[in-house]
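Two forms, one protein chain; C-alpha cells for each follow separately as structure 1 and structure 2.
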Structure 1
Amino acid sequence: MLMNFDKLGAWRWILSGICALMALFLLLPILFIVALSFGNSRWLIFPPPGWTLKWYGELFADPRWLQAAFTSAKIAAIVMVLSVAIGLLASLALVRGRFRGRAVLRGFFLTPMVLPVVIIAVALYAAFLRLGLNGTLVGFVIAHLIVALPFAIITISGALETFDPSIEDAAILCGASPWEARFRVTLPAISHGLFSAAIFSFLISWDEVVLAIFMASPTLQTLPVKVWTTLRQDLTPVIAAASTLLVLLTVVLMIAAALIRKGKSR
C-alpha cells in the first residue's frame, strides 16, 4: 500500500526522513544568510562570534543600494502594469478569439519562457546597442517585459478559460456594450488571475539578473545588478543583509498570496 502513509511500515520513516532532509537542505541556506547578516564576522564565520546590525547600517549608508532598490521597484512596477495589460489583451485573443492559428500564436507567445534567458539577453543587448536603449529605463522595461509576459499570459488565460463567456453575452443582452460587459463582468470574475499575473510579473522583473546585467550602465542599475557586481568583488556580509531583506519581501508576498487564495476560496 504505497499510497497509504499509515501502512508503509518502515518505509514511512525513510520517506519522512528524506523529506525532512530535503526541507532542511532548502531552508538552511536561507536561514544561514539571515543569521550571517546579523553576525559581526567580516569573514562570515558561522556561528558568528557576536551579533551586530552594522551590515544593515552599511547597506543603508550607501546611497547606491537604495538607489538600485528604487530603480528595481520602479522598473518592476512599470513591467507589472504593462505585462498585465498586454497579457490580458493577448489572453482574450487566445481564449475568445475566432481566428485561425491560435494554438501556434499561443506557442509563440510562450517561447521567451522556454528559451535560455542568456540568448535573449545577448540578442537584446546587440539590438539595444544600435537603438541606444542600453542603460535606459525603457531598455530595462522592454527586456523584463519580454520574459514576464509569458507568465502573465499563462495565468490570465488559465483564469479566462474557467470563465463562461455566455455570462458576458447575458450582460450584453441586458444592454451593456461589449467593452462595458468586459469591464463589469469579465474583469471582476478573473481578478484573481490578474492579481497572480501582477505578482508574477513584478517578482520576475524584481529578481531578474541576466538581462539586467546586460541592460545596466554605471548610472542605472537594479538591485540584482548591484548584488551581482558586489558579489564578484567579495562576499561582504552587506550582501547577506540585502539578501535578508529580499527574503523578508518574499515571505511577505507569499503570505499575501496565501491570504488572497484563502479569500477567494471563501
Structure 2
Amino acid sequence: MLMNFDKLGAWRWILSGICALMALFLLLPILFIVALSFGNSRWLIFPPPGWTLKWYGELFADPRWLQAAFTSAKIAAIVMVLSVAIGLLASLALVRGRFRGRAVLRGFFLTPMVLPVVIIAVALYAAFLRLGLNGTLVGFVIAHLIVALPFAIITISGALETFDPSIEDAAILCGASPWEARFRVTLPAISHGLFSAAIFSFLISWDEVVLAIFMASPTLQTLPVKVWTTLRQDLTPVIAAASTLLVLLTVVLMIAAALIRKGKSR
C-alpha cells in the first residue's frame, strides 16, 4: 500500500520542512546573483548598498555582450531543431523497432549523459582541430548536439511509449498511408514530448559552458563563455546582469514546458 502524505501526521511537516530547506539551498545562490545585478556598487558586494538598473544598461549597450547572446540563441535554435528531428527518428527506431542490439543502441545514445562533459570536450577539441571545425558554428552545433540529443531521445521515447499504436493502425485501415498516419495521428499525439524535447535541447545548448569554452574562438563566443572570460578579468555587476538574463530565460521556458505538460495531461 502506498503511503498517503495527508496521513503521515507529524512526519508531513518534517518532510515539508526538509523540502523547503532544500529548495532554499538551491535558490539562494540564484537570488543572490539577481540581487547583485541591481546593486549600485561597481563590485559584487552583498547586500548591495543601493539599487540601480545601470548594469543592464551597460549590458545592452555593449555590442560584445549582444553578439555573444545572439550567437548563443542561434546555436541553441539550430541544435533544438536538429535534436528534435534526429531524436524523433531515433526514438521511432528504439520504441517501434524489433531488431537485435536495440538495448545496446539505446545505451550508446545515452552515453553523453553519463560521461563527464570535460572528457567529451577534450575529445571533440582534439578531433575538431584536425578537421578545422574549432571556433566554427558547425563545430559548436555538433558539440552541443551530442549532449542535447540524449535528452530529446528520452523525452520523445517516453511520449511514444505511452501512445497506443493501434490508433495509428486504425488510421491506416481508414486509408491513410503509414507516413501520413504518423504525421497526422502520431505526431499530434506526442506533441507534448516533442515540445519538451525542444525546450530541453535549447536550454542545454543555451547554458552549456564547458564544451563552449573548448569550441570558442576570439571571434565566436557564446554568452556563457563571455560570462566566464569576463569573470576572470573583472568582477563587474554586468556579469550578474547577464547571468540573471540567462536564468530568466531558463525559468520562462521551464514554466512553459510545465504548462504544456499540464494542459496535455488534462
Partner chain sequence: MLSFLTPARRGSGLGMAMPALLLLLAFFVIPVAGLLSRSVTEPVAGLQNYETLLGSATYLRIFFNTFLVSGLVTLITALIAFPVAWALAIMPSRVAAVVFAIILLSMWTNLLARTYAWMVLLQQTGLVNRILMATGIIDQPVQLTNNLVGVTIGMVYIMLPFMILPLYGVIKKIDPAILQAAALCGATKGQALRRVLLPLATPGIASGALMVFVMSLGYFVTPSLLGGTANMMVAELIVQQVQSLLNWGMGGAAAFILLVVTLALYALQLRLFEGRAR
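Residue numbering: structure 1 sequence, from 1. Nothing here was measured: the structure is a model prediction, and the numbers come from that model. The term rigid core refers to the maximal set of C-alpha atoms that superpose within 1.5 Å between the two forms.
Novice: Please let me know, 1 or 2, which structure is the form predicted on its own?
Specialist: That would be structure 2.
Novice: P63: CA shift of at least 2 Å between structure 1 and structure 2 after core fit?
Specialist: For P63, whose C-alpha is compared between structure 1 and structure 2 after core superposition, the shift is less than 2 Å.
Novice: Please state whether L220 has a C-alpha shift of 2 Å or more between structure 1 and structure 2, with the rigid core used for the fit.
Specialist: No; that C-alpha moves by less than 2 Å between structure 1 and structure 2.
Novice: Taking the rigid core as the frame, does V210 move its C-alpha by 2 Å or more between structure 1 and structure 2?
Specialist: No, its C-alpha moves less than 2 Å.
Novice: Upon rigid core superposition, what is the positional shift of the Cα of L27 between structure 1 and structure 2, expressed in Å to one decimal?
Specialist: Comparing the two forms, L27 shifts 2.4 Å at C-alpha.
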